[in-house]
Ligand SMILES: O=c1ccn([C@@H]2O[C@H](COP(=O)(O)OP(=O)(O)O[C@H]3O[C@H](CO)[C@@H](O)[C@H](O)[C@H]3O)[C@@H](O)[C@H]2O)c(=O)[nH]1
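Below sits a lone chain in structure tokens, taken as the form predicted on its own.
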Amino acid sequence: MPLVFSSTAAVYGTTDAVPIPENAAMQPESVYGETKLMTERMIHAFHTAHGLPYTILRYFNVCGAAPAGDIGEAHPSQSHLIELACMTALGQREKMMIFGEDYDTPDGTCIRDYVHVQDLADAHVLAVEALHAGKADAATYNVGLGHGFSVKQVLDAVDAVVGTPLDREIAPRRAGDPPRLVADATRIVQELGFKPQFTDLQQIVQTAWNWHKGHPHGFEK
């Protein structure tokens, strides 16, 4: 039975390669990234020993919600930037913390590649179809847009969508936060035909805002 594994860009850690190709050095800076890398290696070892066909998808920053506004992200330990910003706009959080504004980036804040959850779902379908068609045997793909947005750009986009500015506070850097994580998504585009539909930041934010505004308490009725 073929396997599609959900991995992460956190396996790379801080790297000089921007955008990051799949063959970049992997030096994760968090337990999360370490455990994903360990699992990738176990899958590859099992493939070598037993012939397991697999595809590993390294997610960059997954975001957004179903365009219809009926399905979205809702869990108590929320840590994703766009979702936290939407919750702040709803008054569920006091303010937005910006962890570091002294990174070597244009505005000093971290840059991430934000891939919409629907595009990510499409990537999984493409991966499964390729495995079942025998077009892939042991493949690893980055899943992202190929360009990034800074923390401040994301918060500015939320301000524009919501219509009111969020309260912000600058805080020290967090351990394990690389300055830039941007995908080189050339391989998945060329080999699987991946074509993201959500590439505009405000469009992505709008889907998340529609969900949170319509479901301020998640899936609770």
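Computed from a prediction, not measured in an experiment: that's the story for all the values here. Start at 1 and count along the sequence shown; that's the residue number.
We do not show the form predicted together with the ligand, though everything after this point is about it.
- Every member of the trio A9, N61 and R112 reaches the ligand in the predicted bound form with some non-hydrogen atom inside 4.5 Å.
- In terms of contact with the ligand in the predicted bound form, the residue from L90, A138, M96, A74 that brings a heavy atom within 4.5 Å is M96.
- In summary, among the residues A127, L120, L81, L145, the only one with a non-hydrogen atom within 4.5 Å of the ligand in the predicted bound form is L81.
- Across the options 160 to 168, 48 to 56, 174 to 182, 191 to 199, residues that bring heavy atoms within 4.5 Å of the ligand in the predicted bound form belong to 174 to 182.
- In the predicted bound form, Y32 is the single residue of 22 to 43 with at least one heavy atom within 4.5 Å of the ligand.
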